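As a starting point, one isolated chain is supplied in structure tokens, in the form predicted on its own.
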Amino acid sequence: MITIMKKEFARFFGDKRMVFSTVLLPGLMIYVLYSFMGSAIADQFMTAADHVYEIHTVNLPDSLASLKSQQDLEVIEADLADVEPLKSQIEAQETELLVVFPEGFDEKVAAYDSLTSQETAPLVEIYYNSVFTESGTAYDTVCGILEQYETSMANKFDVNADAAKRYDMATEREMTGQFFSMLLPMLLMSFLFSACLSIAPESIAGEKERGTIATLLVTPVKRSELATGKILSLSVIGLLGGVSSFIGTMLAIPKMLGGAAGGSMDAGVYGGMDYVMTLLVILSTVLVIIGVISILSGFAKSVKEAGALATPLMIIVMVVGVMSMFGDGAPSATYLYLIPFYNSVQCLNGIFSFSALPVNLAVTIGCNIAYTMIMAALLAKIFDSEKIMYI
């Protein structure tokens, strides 16, 4: 078994291109891609801190003359005749906002009573361009000022108005756990399956396609040792690829979120034991994935056919990974952790949300190891079958 593992390691680590594409490239690409996405999103939806928004107003009432005193707003008064030209300029992204008040706005507001008045409320029209970032931000700013003004006219009570108090009782640890438990299980399962799929078919179906598997089968090696050696060695290599992707994701998530993960969310809330539990679940999951793909590769005639056979399994793994986004966290019922793949997803969900139960973690790891032993025995039977191996 050790000899088989050495052979697989020598084949893999002896090919620098394969090491780079399987272990280093996934994490590097994820880090670069997610970081670029975060920077692009930030550039798309954020404006400079010292930007002054150009606001055109028609019939600006005295009650809202405070708009002119806003440091980030440049208020330019216009006439009704300027409305259409200004709308065209906003459409062309040449100016940012146009606010049209009805004539006699203050008098109409004072006379309006929503309970008794037969007329509609005074209408304020705001023209903006949502595709134009500065225009959209200016719109949100002016709408906030108008809403505040409207509230002040009939302010009977306030809700959560004390800025010095914290009303949202969710802690940074809980917010981080909620976000990571929804996102990371799906990503990890995808990364692990991709890493395993890139190496397992080549080791079994590839040798079968090249005819070198026959040389191994005629050597005085037990089929169980051959199967176990291949599964263990491929699992180590697959684990390296999965861990590389995981590290790249953890480093890139703060940038992908445009700094949100570094503010209200911080991966530093996880301790060493959380990472140890995650690693154990990942390792046992890789064993199961490698075992299933190895069996499919044993039945396949070529690497291409092995990849085709593994496609339905990949879809199942993706669907199971998405389950972490729904529900109220990891289930507590232990029997659910007997289901392969689902148990790994829910264990990761529990770890990242700080709700993992030791018994469920132990059941998941134990079951994954047991399933791997069963698949190793089945792979040994496949190696014993001349009808399967020499077709």
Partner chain sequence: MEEMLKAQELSKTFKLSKKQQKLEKTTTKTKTAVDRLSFSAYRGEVFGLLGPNGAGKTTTLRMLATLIRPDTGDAVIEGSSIITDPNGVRSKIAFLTSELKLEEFFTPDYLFDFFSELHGVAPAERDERKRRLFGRFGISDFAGVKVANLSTGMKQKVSLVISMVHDPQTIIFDEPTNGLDVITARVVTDFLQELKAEGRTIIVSTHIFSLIEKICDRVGIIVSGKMAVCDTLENLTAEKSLEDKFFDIYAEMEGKVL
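Positions refer to the first chain, counted from 1. Predicted model, so just to flag it, every value in this text is computed and none were measured.
Omitted from view is the form predicted in complex with its partner chain, to which the following refers.
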Discussion item. Just to be sure I understand the contacts: of G144, P312, G272, G211, which is the one whose heavy atoms reach within 4.5 angstroms of its partner chain in the predicted bound form?
Written reply: G211
Practice prompt. Could you tell me which one of T215, Q148, T120, T171 places a heavy atom within 4.5 Å of its partner chain in the predicted bound form?
Written response: T215
Fill in: Residue stretch of 217-225, 192-200, 317-325, 125-133 approaching its partner chain in the predicted bound form, non-hydrogen atom distance within 4.5 Å
217-225
Worksheet item: Applying a 4.5 Å heavy atom distance criterion, does I374 contact its partner chain in the predicted bound form?
Response: no
Worksheet item: Heavy atoms within 4.5 Å of its partner chain in the predicted bound form: does K381 have any?
Response: no
Item to complete: Within 4.5 Å of its partner chain in the predicted bound form, which residues of 1-18 have a heavy atom? Give them in sequence order, or say none.
Response: T3, I4, K6, K7, A10, R11, G14, D15
